[in-house]
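A single chain, nothing else alongside it, follows as structure tokens in the form predicted on its own.
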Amino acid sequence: MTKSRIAAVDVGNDSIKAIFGEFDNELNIPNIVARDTEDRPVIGIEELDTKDPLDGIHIRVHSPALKENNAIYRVGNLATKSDNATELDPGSSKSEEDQTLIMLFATLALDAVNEDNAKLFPKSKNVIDANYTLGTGLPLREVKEGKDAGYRSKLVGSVHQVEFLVTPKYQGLKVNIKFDEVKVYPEGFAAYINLVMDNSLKIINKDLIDRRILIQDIGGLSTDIAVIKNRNVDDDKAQGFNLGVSEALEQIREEIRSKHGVELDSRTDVVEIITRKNDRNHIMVKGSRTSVHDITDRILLELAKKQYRLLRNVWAKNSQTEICYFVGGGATVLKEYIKTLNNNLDGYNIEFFEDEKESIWMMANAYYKLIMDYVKKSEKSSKAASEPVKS
């Protein structure tokens, strides 16, 4: 029987962050898809085998979990060049969108076809059979509504096939994906695990372990505020909100287009303009470096005020809280605005991660730690059960 490969996948609203195996492969793909046809035209050097497959993901996805089965998609960077590209809409449920599954399957298939992993899975002609043990998560609101069970049941017990069409290096390959196990974690709980434990699930942050803390995880479409006390997430007090940064990013993108005539491919491009080290909040307009500070400051400050109100309301109901950690891609975008508001208003004890990658990859890292822990415990109990009983 094929050994199952560990996969920890954060289907973020901005991009997919995934970790495989023994931390031996990471993938980060913009969460954008576009419906397409089988015979997409190939342009110039795209035909070269040296082209990065991540820039040309063109797939057909067959899965009983999908509402629209057997459709063809451009995914990630390639999708940004399409007029009909779609990103997840505010108000949508991650667990119920085809796009979430398409991105998940595409990411796993890219790992399976990676030449470095050729010995991991059996291959017959052009078909690879890949088994995964998956750790992933959903916003707290969806878990509280019980949608995690439905999401998990879509994945386990079925075969999901990804066929690479006009994709550099992988054209013509098919991957059959099966899940030995799927664990769906609430995002706030996952953030807590990542804060206090290392990759071996050893406690690394003893100062935090017994403190009362909040974790405000700002995503693209939602915000989760986890309430931690007595080393546990208080499920009753933890809250999920339909407020993320996607709508603000879309508004910035639209205002840049109408004011400066510059078309940005995706929300990812907007995030890059807001967060990069050099020339932050600047774009090129007809070859001239141009500030868009007026647009970004107004829109992001308005969103930061709403996020701050959420913090204030949850803290009021948990008055003995000692510190709030802001995590997630949205926290990276809003960091300076929330800090300024806090300095001018309540002065809560809040903290952001200065390492932006650490904040953005926090969920994927947490799912990795949790699924590795599950696998190790499963192997231990299987070994104990198989050992002969000593008389």
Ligand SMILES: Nc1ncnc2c1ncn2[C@@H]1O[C@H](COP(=O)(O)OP(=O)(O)OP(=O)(O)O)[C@@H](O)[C@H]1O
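Small disclaimer: the values here were computed from a predicted structure and weren't measured. Heads up: residue numbers just count along the shown sequence, starting at 1.
There is another form of this protein, the form predicted together with this ligand, and it is not shown here; the text below is about that form.
In plain terms, the part of the chain that comes close to this ligand in the predicted bound form, with a heavy atom within 4.5 Å, is 218 to 226 out of 218 to 226, 150 to 158, 195 to 203, 301 to 309.
Contact check for Asn77, Ile102 and Thr167: none of the three has a heavy atom within 4.5 Å of this ligand in the predicted bound form. Proximity of Val271 to this ligand in the predicted bound form falls within the 4.5 Å heavy atom cutoff. Contact between Asp36 and this ligand in the predicted bound form is not found at the 4.5 Å heavy atom cutoff. Among heavy atoms of Ile360, some come within 4.5 Å of this ligand in the predicted bound form.
In the predicted bound form, this ligand sits within 4.5 Å of a heavy atom of Gly329. This chain is drawn without this ligand; in the predicted bound form, the residue among Ala364, Ile32, Ile338, Val333 with a heavy atom within 4.5 Å of it is Val333. Within 4.5 angstroms of this ligand in the predicted bound form, the stretch 247 to 277 places a non-hydrogen atom from each of Leu249, Val271, Thr275, taken in sequence order.
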